[in-house]
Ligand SMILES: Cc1cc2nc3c(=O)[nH]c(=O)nc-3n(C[C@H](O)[C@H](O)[C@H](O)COP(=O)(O)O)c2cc1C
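The chain below stands alone, shown as structure tokens; this is the form predicted alone.
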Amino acid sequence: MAYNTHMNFWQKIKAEKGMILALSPMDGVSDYPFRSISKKYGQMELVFTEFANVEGVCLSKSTQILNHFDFDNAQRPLIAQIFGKTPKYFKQVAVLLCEMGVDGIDINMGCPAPTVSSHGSGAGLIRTPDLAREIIKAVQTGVQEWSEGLLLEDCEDISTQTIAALRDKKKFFALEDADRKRQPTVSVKTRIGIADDEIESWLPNLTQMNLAAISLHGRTLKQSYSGRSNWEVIAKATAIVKQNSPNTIFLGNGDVLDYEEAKQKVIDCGVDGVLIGRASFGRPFVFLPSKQREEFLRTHNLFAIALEHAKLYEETYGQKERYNFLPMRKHLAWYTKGVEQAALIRSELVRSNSATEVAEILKKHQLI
């Protein structure tokens, strides 16, 4: 399909595919190995990183926080998500992400975790729309000034250790030097309100900021992940976005289980696409149309993929400071859903400490 060469990647995908299907950013879940496996087998159009705190990037003496931004070219278009409440740090981290070569920068204005929102970050920014707009502007300014030649070394709160770590990462993941003519897009992911539907008062604060995309989770901050995602409000929000900012791509999020349901949401609510999160745990195939899903399940051993996932986790993080296999265990547990003797297999996998142990457990139960 022909499309305008001046379109950003969001608009190009929408023009080519008819809808955008993306892997949602999930704290503590969507790390580099998870995204790699999901993209390889799910073939979704977009992936987001876990969010990283801009204050942490700028103020921490450790560079470990940069692990949130790990990616390789197979994951493109790659959108890095960040959160916080300090505009000057957002600007500097935007420059860092430009230098890393990400395709998009997404600002989290939707996380309901008390440790985030109660400090005025994440969904807490819904309470402070002036600050929310200031943060968006800071990121956009960082991207613009980087494209005009601003160096990471010019950012006063980015340490020499962080700059060195970034260069090491680019080498490890075989990332080329970023092209300053190719600016990352800026987008926001948010919620429908604090305790009630506030979309009519909250959303215009975002649509006036010339964002490439807005993603909306159909729950309030107070709901967190309880109850059901309100797709009626998402449909109402679609109309607001299309009226106020017709060039902005708008995606819905919440409780979507597979490709067909995502496609129905596009038809029913008018969104340009859908983010799928929890339904993908241990199930990268949910992004595939039904016939492809059926073929996938006939031709792939899900536990062989689980082992591949565990090996990739070790290869990626095994040599890093304070390495721990523990975060991998929850992923292994998700792969067991619906299989015979799932509880027994899961109980063994969540005590594993290496990919070798995972392989032994799976072979013992004749799963690989």
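Just so it is clear, the model here is predicted, and its values are computed rather than measured. Position 1 is the first residue in the sequence shown; the rest follow in order.
Not pictured, yet referred to below: the form predicted in complex with the named molecule.
Screening 198-206, 132-140, 269-277, 72-80 for residues having heavy atoms within 4.5 Å of the named molecule in the predicted complex returns a single hit, 269-277. A residue is said to contact a partner when one of its heavy atoms sits within 4.5 Å of a partner heavy atom; N108 meets this definition for the named molecule in the predicted complex.
When contacts are judged by a 4.5 Å heavy atom cut-off, F51 counts as touching the named molecule in the predicted complex. The named molecule is not shown here, and in the predicted complex it never comes within 4.5 Å of any heavy atom of F172. Interface membership of Y225, defined by any non-hydrogen atom within 4.5 Å of the named molecule in the predicted complex, is confirmed. In terms of contact with the named molecule in the predicted complex, the residue from V29, A333, C58, L66 that brings a heavy atom within 4.5 Å is V29. With the partner omitted here, the residue from E99, D258, D255, D103 that has a non-hydrogen atom within 4.5 angstroms of the named molecule in the predicted complex is D255.
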